Ligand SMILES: Cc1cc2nc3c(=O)[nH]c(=O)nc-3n(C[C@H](O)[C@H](O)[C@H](O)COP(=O)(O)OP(=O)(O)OC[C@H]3O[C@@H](n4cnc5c(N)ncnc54)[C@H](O)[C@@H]3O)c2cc1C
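To begin, one chain is listed below as structure tokens, in the form predicted alone.
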Amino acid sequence: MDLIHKLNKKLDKMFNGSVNAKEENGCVILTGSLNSWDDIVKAGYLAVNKKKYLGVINDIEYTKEPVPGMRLPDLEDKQYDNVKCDVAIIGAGIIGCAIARELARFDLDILLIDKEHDVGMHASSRNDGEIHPGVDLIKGQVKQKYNARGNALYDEISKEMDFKFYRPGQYLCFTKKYMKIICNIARLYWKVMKVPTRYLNKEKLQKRIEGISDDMECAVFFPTAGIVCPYEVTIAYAENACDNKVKLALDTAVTDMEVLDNRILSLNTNRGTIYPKLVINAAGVYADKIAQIANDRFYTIHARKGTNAIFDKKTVKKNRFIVSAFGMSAVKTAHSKGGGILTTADDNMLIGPDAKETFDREDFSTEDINIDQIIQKHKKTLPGLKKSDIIAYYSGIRAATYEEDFVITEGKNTKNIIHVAGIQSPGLTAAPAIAKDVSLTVKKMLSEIMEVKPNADFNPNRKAIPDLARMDEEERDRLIKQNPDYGVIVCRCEEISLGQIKQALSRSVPCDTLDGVKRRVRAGMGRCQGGFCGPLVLKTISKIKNIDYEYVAKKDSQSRILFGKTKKHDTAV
């Protein structure tokens, strides 16, 4: 009995004949219809056979309610019509921006494309910022290889691009004394995986983590675990790429392609038709949709939603840490890390995420039940956690494949495309290493049709906007004497000055929204969440960018702050 026949017998038993599987072009293709999204996902996992097939193409129809399509920008013009480039990168998240920066080392015409109004607007801004040590990865996985290499690169790139990076290490705690045996067995595995560890008894653990539950008997410590601000890293990569002459096309959605003789000839967008020699598919949750219009789909992305909560800075303990407890969960699936507690790069405490499959690839909503679940779970580790100390919460979407691994490969059918897909956790960690390898693949592929020379003017260094909150008094005084705007505090919660906001509005990556300023200098990220500084930031944007108040947006043109006619710039900062 062949594998497909066996699979169909399992599917018939599970779904009463509503789902069918067939093999085509080295893939398993699932068709049929179901009214449960969880069942559709189960069918996808059931079809996985990494040794036999390239991937699972899950085309089962969801019949309970309509599945939302990609949310498109309002803008329609001819800004990029007839633009020709050597490389078009679809997706300006951490992966696309990192690739763009690495490709800038070559003398190439590079176009970085994203449908959003800013870079890093999806998963790259909606994760916890952990640089993973490789705790739960499996030897031989693509993600395991890139996680190890990427983790090691963060010391270098954080210095080059001037973003915050810390290595507080990660603590995996155990609640039973007998689990010391499990610790020691697991440490042998991590030693084979070349993941450094240390064993900590209860006394040492309590000294290191203030307020940890007395139930925690011991822990394994992973010293290579780190913390960054994920959107700060993404913006740093994007700015360094643009400083090195990469062109950035925002509010630009790729909706179709012209493919002839197994080669992409053009990309159709809401802002004109683009003609690339080579395409990099780094489109996150829509990577399989891009693969489909490129006639090169051999995997499926299924969206997995996770919610995080951020606490007031007053709750931060004296030591920075990342901590989770083995076997403790509120709601945990087989494909979820279960989440943890960490001190962010900007000195807040963060908990989460949970994991929930969703048919809406841009469902960023949050619900009380998710917050309550992650609070109840993590109180078992830090009993002092209180819901009243939460100042913000958010949800992100992981771009998972059914194989639960990264897809980093040249096209299977279409010749001038590279897929960088299925980049869920630990994608942030792996991004620097992925970017280096993909840039070399681009060089190899383009060298077949053109000469690829080094960019003699490439500058790997980028200087961040000054951070007054982290300066001593002498440094602040010196900066304010150079520019008095740095002495005008706009956001009191985060100590953000007018000078910092003006800098955010004048960098190489365009910024003209409240969220754009917020993600660059943290104005509005404190306890009041922009209640006091928001109007002042809005007025500053209006003046500096010469935009009428009512056209200043929170995130993009679909999220305006004001409606109605106002007097132009009459009280702008």
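For every residue, the number given is its place in the sequence shown, counted from 1. The model shown is predicted, which means the values in this text are computed figures rather than measured ones.
The same protein also has a form predicted together with the ligand, omitted here; what follows describes it.
Not one of A100, Q170 and R198 comes within 4.5 Å of the ligand in the predicted bound form, counting any heavy atom. In summary, the region of this chain contacting the ligand in the predicted bound form, judged by heavy atoms within 4.5 Å and restricted to 310-318, 372-380, 284-292, 203-211, corresponds to 284-292.
With a 4.5 Å cutoff on heavy atoms, C27 does not count as touching the ligand in the predicted bound form; it lies far away. Contact between G129 and the ligand in the predicted bound form is found at the 4.5 Å heavy atom cutoff.
Put simply, K386 is far from the ligand in the predicted bound form: not one heavy atom of it is within 4.5 Å. Contact check for R398: a non-hydrogen atom falls within 4.5 Å of the ligand in the predicted bound form. With the partner omitted from this view, the residue of T300, S124, N240, Q500 that lies near the ligand in the predicted bound form is S124 [heavy atom within 4.5 Å]. Counting a residue when any of its non-hydrogen atoms is within 4.5 Å of the ligand in the predicted bound form, the hits in 245-270 run T252, A253, V254.
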